[in-house]
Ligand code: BEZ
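Just the one chain here, laid out as C-alpha cells, in the form predicted alone.
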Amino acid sequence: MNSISIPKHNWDSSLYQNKHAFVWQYGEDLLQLLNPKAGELILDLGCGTGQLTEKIAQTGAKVMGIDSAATMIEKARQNYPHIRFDVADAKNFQVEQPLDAVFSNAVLHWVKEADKAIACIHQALKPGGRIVAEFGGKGNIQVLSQALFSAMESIGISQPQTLNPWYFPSIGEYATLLEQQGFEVIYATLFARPTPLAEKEAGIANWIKMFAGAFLVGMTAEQKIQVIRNVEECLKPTLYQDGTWIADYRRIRILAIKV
C-alpha cells in the first residue's frame, strides 16, 4: 500500500451518468463562453457520456467527442449515435483537420502532464482557434481530500497523498503553461462552487467510489468501508447540510486563443 505508482482510474459510466449528472449540468453555462457557431469544427475533449457534446451539436457546429475511457465512449455512442465519439488520450490525440475550438469540462484536472495536453490542443487548432475549459483549480476539494488522507492513514497507509491522481493548478500556473505553448489567455477565473452531491446520505460514498477510486486500489472490502465511514464522520460537521453532502469544489475557467 506504500507504492507511489498511481493506478489508472477505472470509470464506471453508469454510476457517472446516473449519480453524477452535476458534472455536465454545471458545464452547461460554460457553453456560453464557448459560444459555438453553426459549421464550426469543435472537439469535446474528455466528453464523458456525451451530454455536452450533444448540446454543442444542437447549435449546428460539427462536433466530435473523445475520452480516454472506453466505457464512457461506449455509453456516449449509445446515447448519441449521430455524433462521432472516439477513445483518445488528452496528452496524445490528433485530428483530421484543424479545429475552430476545443471544449473541455471537468477533465484537465485529471491530466498531470498538462504541458503535453496543451501542446496537443495547440496543434489541433487553427490559428485564431480557441480553447474553452473548466476544471478543478487550486484548493479544489481541499477539505474532502484531507479527510480522505487522514482516513487512509488511520488504517495504516502512509503518505496517501502520493497516490493523488489530480492536478489543481492556480490561474497563474496554468495561464503560464498556455502562454509558453503559444496561446493568448483572454479570460481566466478561479471560483468556489460548493456542489451538492446526489443520493443525499450516500453522496460522499458515491463520490469517493466514482472519483477517488485510485486511493482504494489494493484495499480489502472492509478497509474501503472503514475509510469511507471515517471520511463521513470527519466531514459531517462541515460538508453535510440539511441531509445533503456538499463537495468543496473550486474551479478554474479559461478562454485562450492560439496566436
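Each residue number is its position in the shown sequence, starting from 1. These numbers come from a predicted model, not from an experiment.
Unshown form predicted together with the ligand; subsequent notes refer to it.
Contact annotation for the candidate site: Gly136, Ile141 and Trp207 all lie close to the ligand in the predicted bound form (heavy atom within 4.5 Å). By the criterion of a heavy atom within 4.5 Å, His109 is counted among the residues contacting the ligand in the predicted bound form. In the predicted bound form, none of the heavy atoms of Tyr80 sits within 4.5 Å of a heavy atom of the ligand. For the chain shown alone, Phe149 is not a contact residue for the ligand in the predicted bound form, no non-hydrogen atom being within 4.5 angstroms. When contacts are judged by a 4.5 Å heavy atom cut-off, Phe168 counts as touching the ligand in the predicted bound form. From the list 207 to 215, 229 to 237, 62 to 70, 48 to 56, the contact stretch for the ligand in the predicted bound form under a 4.5 Å heavy atom rule is 207 to 215. Along 230 to 253, residues Tyr249, Arg251 each place a heavy atom within 4.5 Å of the ligand in the predicted bound form.
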